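What follows is a single chain, given as structure tokens, in the form predicted alone.
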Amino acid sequence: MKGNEVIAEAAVRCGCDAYFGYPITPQSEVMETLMALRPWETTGMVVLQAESEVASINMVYGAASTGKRAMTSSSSPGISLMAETLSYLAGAELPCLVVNVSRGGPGLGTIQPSQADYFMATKGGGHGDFHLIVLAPSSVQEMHDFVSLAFDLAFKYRNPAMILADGVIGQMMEKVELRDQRPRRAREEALKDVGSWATTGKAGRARNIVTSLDLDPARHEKFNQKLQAKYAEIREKEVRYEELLCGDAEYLIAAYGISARIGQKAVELLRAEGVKVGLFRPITLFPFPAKQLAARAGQLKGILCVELSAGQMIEDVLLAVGNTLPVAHFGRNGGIIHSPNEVVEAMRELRVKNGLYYTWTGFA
């Protein structure tokens, strides 16, 4: 199945209550597949094409405020339109899922794949001091598995979660194992899960008001401190990453999403040349596995960050390892996908230069 199709299948199977979306390439198959599945006839899940990305994310806000499992999906320019409400969702501590199948920018850019939304996803995505929980799949199977995981994390921490997938993962086809259908929660069960914060109808209790507004600066500062404590807990407990052949590695390729898949082949080619190189793949981009990467720094001679961007994740890599070793970046832009051989050549240059530099430009 296509990665986008699997997102839709997983949403139905994990008991999602509502999807609100708007078509944009390269993620339109998410909503198209949901419309074909017609889950409103089987599980009762609501599927609605909104009039815009702004409308769809605000519908998510409304559904999430009642304790429902609500989600949307879009691609880069559409996520930009959602930025204000993403901040509102974080400020109101509402759990939800947003899927971003990224394309090249800035602006309308191209419909081809990109990983240039890393900053937007991991550094907030809107105004104010907040974070999304960000998962980066590198396979169609993970596109499926991360839907349920994202909802679980969103409700555990009352925080919006994002699946950040590049257009390659959204469009590629692979074998996938689908989970069994989980029934949508009955109202009584759902209310037990969400606690006392949801707007479920005033019955024998004080009103619940869902808002991110507080005009008292002292009270608002305490709320922001509460958010920061939550993000610190997420950093401590929810880091996910994968290592390949890192035990004896003298060099690392740091990459996520499709770049990690390409990096895996590059590791194979470099190992065949006798180069001790491993792959470090962040699965959670927030929280970024900084401590885990830093723990490898002492054995390394250099790190090559491979991204479909001009260099964004490299900043978190540099923060993790400091100035302890050379860190280089190799990326392609505009929807062009790097090849394993290009990554191999970039690693060769890093080993020769053995100094801090950012962008390899050996391609035509």
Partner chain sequence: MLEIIAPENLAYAKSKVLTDAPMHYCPGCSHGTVHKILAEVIEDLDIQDKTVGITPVGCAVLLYSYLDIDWVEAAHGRAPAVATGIKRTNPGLHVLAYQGDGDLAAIGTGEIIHACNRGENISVIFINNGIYGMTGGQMAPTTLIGMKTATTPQGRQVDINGYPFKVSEIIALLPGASYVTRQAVHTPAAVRQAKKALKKAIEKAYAGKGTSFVEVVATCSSGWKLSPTEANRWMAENMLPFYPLGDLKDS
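Here the structure is a predicted model, which means the values were calculated and not measured. Numbering follows the first chain given and starts at 1.
Beyond what is shown, the protein has a form predicted together with its partner chain; the following relates to that form.
Enquirer: Taking Lys230, Tyr256 and Ile303 together, does each of them reach its partner chain in the predicted bound form with some heavy atom inside 4.5 Å?
Expert: Judged in the predicted bound form, none of Lys230, Tyr256 and Ile303 sits within 4.5 Å of its partner chain.
Enquirer: Pick the stretch from 322-330, 33-41, 60-68, 308-316 whose residues have a heavy atom within 4.5 Å of its partner chain in the predicted bound form.
Expert: Comparing against its partner chain in the predicted bound form, the contact stretch is 60-68.
Enquirer: Even though the partner isn't displayed, in the predicted bound form is Leu213 close enough to its partner chain, meaning a heavy atom within 4.5 Å?
Expert: Answer yes; at least one heavy atom of Leu213 falls within 4.5 Å of its partner chain in the predicted bound form.
Enquirer: Even though the partner isn't displayed, in the predicted bound form is Ala218 close enough to its partner chain, meaning a heavy atom within 4.5 Å?
Expert: Ala218: no, not in contact with its partner chain in the predicted bound form.
Enquirer: Is Lys175 close enough to its partner chain in the predicted bound form to count, meaning some heavy atom within 4.5 Å?
Expert: Lys175: no contact with its partner chain in the predicted bound form.
Enquirer: With the partner left out of view, is Ser339 within 4.5 angstroms of its partner chain in the predicted bound form by any non-hydrogen atom?
Expert: Flag for Ser339 set to no.
Enquirer: Could you spot which one of Glu84, Glu243, Glu93, Glu268 gets a heavy atom to within 4.5 Å of its partner chain in the predicted bound form?
Expert: The residue from Glu84, Glu243, Glu93, Glu268 that makes the contact is Glu84.
Enquirer: Select from the listed residues Phe280, Phe286, Tyr88, Tyr118 the one whose heavy atoms reach within 4.5 Å of its partner chain in the predicted bound form.
Expert: Answer to the contact question: Tyr88.
Enquirer: Can you name the residues of 36-64 that have a non-hydrogen atom within 4.5 angstroms of its partner chain in the predicted bound form?
Expert: Contacting residues: Val46, Leu48, Glu51, Ser52, Val54, Ala55, Asn58, Met59, Tyr61, Gly62, Ala63.
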